[in-house]
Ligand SMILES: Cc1cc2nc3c(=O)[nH]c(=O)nc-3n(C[C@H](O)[C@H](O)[C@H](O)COP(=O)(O)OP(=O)(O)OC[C@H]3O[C@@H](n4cnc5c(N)ncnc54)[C@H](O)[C@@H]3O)c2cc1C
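Before any questions on binding or motion, here is one chain by itself as structure tokens, the form predicted on its own.
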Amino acid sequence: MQHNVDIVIVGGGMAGGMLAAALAEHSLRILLVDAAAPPTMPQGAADLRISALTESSENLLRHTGVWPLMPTARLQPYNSMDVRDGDGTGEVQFSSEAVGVDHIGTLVENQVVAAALYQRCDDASQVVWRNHCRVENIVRGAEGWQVTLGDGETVCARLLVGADGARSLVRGAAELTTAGRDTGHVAIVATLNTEHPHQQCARQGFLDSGPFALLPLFGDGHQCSLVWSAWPTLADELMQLNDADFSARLTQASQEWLGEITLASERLAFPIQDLHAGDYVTDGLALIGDAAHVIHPLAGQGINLGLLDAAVLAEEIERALLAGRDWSALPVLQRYQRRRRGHNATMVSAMRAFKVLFEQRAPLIRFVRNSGMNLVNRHGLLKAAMVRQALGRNDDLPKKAML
């Protein structure tokens, strides 16, 4: 059996869901296919996958009707950041007051965002979200991209969007190349209880072995999400420790930033890679989110870049629709690429540079690094500029990302 739609989105993560939600009010027939089960709203203890939403991402979720579907009780705004050199004296403290806003961002479980996007799309008559649905084959046909699904059905679309992650099947079918590498780090994530309250502050320390972050979570003010990036040998050692010894190691590594720390969940570990596609688009096809780029999680920007990709692609499609032009044409898609690829490339490069900078153990480099951090900490204008960056403000945001 074969049928036609306007857009097929492969991948039901946050980038794919955002694109479908952003286009839900138009007359386009959208099919989103995802091999996973439908995302459900988490209950009880915090899920281990946490992201820091910027102001721009919050605005996108509000304008697409998704934000009200996210339970307020599971959202944790943060109004300050504390960044330290874990092996020296350098420290930079940021505050939302520097730019006159009440918070810098919001910590939220990835599953909360995904479930709210799913609910928004489920209410849209133009969007069909199919779960437990695998893509078996993708070919370019005379009238568009043909996607063969696991049940043998073939769907033909004017536009195919790859939102299917770092190992993107869509990217491979289009033969779009990537430059990627193993960062040499493994990320350990867990939920922690802390002796002292987090006070709505996101904390990040840089050790020789890699960065670790203590991100405030919803609840009684004494729970944080851990993201500890370390060399594989150290990560293996940490994962093999019992809970008490792991908690002691983390308390020591944090220099008792929040007093004694105890583990409150299981631990998960996964290797960290980064990649960047040379092109995001080709005839009738576009990549968004991790299918186009993956960055080191030390700044928590991955989710925000993916949401912006989806919003900008939706905006370019809307602009073409309103002008009566072919919204799936390559020039429209290339405009999306021009607006997003440079910004994403800057973020990929910046994360690589930060990682290399804080791995240096030479005394002179460490002295210069710590001195530079302390200089920034004393410079109000520099700190304000960095807070604006953390808010996700840049010169080419989609309209829905603005206040």
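Here the structure is a predicted model, which is why all the values come from computation and not from measurement. In this text, residue numbers run from 1 along the sequence as written.
From this point on, the text means the form predicted in complex with the ligand, which you will not see here.
- With the ligand omitted here, the record of contacts in the predicted bound form names 127-135 of 192-200, 176-184, 322-330, 127-135, defined by a heavy atom within 4.5 Å.
- This chain lacks the partner; the member of 165, 71, 77, 219 within 4.5 angstroms of the ligand in the predicted bound form by a non-hydrogen atom is 165.
- For the residues 227, 281, 312, 116, the 4.5 Å heavy atom test against the ligand in the predicted bound form is passed only by 227.
- Proximity of residue 347 to the ligand in the predicted bound form falls outside the 4.5 Å heavy atom cutoff.
- Although the partner is absent from this view, residue 169 contacts the ligand in the predicted bound form, with a non-hydrogen atom inside 4.5 angstroms.
- Among residues of the shown chain, residue 19 is not one whose heavy atoms approach the ligand to within 4.5 Å in the predicted bound form.
- In the predicted bound form, residue 23 stays away from the ligand, with no heavy atom inside 4.5 Å.
- Taking a 4.5 Å heavy atom cutoff to the ligand in the predicted bound form, the one contacting residue in 94-119 is 110.
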